[in-house]
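Presented as structure tokens, the chain that follows is alone, the form predicted on its own.
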């Protein structure tokens, strides 16, 4: 069993806006592109151009239909590691390979000590763990730890790859442990929510709910024509007959 560190003040994580996400998969694609040569490299694909394609993806986007009729809409739901404050994926690890950093709250996997037992994947209710069958180890989102602390790139680029590439700015990155940070203020303004908080894992990431869809105003109902409105004599006679 692996112990969790004492809770720290800094809690790095993502805020995802479900109102503006369009499901374009740019976040998943750029995540794959960066991480397949980064901290958790490689991220293999199996039969990538055939039926039954499988592979290691740290970010996956699911689409759902919500609501009915004119109030219905398609909601695109990106899913990745939520970097929980009390993650069972860490405490069940028999070797200590799965761990949570005290300095920023990021949950990582040490591939040198991971034995690929899969206990962490069973313990994660969010499906955020990915088994690399080539290497026989578990992998997951790292919040692009090799980018966000890399002083060799411009400061504006020190964000997760998924955040940098989002065309609608639906993804935000920052310190959710700081109530005055931009991401914390955004969560407060929009009523951001953790995913399945009833499970007790205290996910750091937050989701901003879709805004209510504005329905078009009802078209004015026109009054039925009176006999005097019908100029054609034949039609006036037919109206009188059919109205008896």
Partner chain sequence: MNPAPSIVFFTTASGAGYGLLFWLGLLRPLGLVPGSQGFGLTALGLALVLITAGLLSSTAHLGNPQRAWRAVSQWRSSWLSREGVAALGTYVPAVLFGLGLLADLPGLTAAMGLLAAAGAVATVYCTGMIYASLKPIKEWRHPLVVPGYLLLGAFSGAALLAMLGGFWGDGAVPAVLALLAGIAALVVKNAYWGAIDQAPPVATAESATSLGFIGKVRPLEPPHTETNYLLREMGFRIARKHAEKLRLLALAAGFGAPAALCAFALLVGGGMGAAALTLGAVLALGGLLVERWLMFAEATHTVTLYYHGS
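Positions refer to the first chain, counted from 1. The shown structure was predicted, so the numbers you read here are calculated from the model rather than taken from an experiment.
The form predicted together with the partner chain is left out here; the points below concern that form.
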Please tell me whether any heavy atom belonging to residue 201 falls inside 4.5 Å of a heavy atom of the partner chain, as the geometry stands in the predicted complex. yes
Check residue 85 for me: does it contact the partner chain in the predicted complex (non-hydrogen atoms, 4.5 angstroms)? no
I'd like to know if residue 101 sits close to the partner chain in the predicted complex, meaning any non-hydrogen atom pair within 4.5 angstroms. no
Is residue 42 part of the interface with the partner chain in the predicted complex - any heavy atom within 4.5 Å? no
Looking at 142-150, 169-177, 108-116, 155-163, which stretch has residues with any non-hydrogen atom within 4.5 Å of the partner chain in the predicted complex? 108-116
Just to make sure I understand: among 40-77, which residues lie within 4.5 Å of the partner chain in the predicted complex, judging by heavy atoms? 52, 53, 54, 60, 61, 62, 63, 64, 65, 66, 67, 68, 71, 73, 74, 75, 77
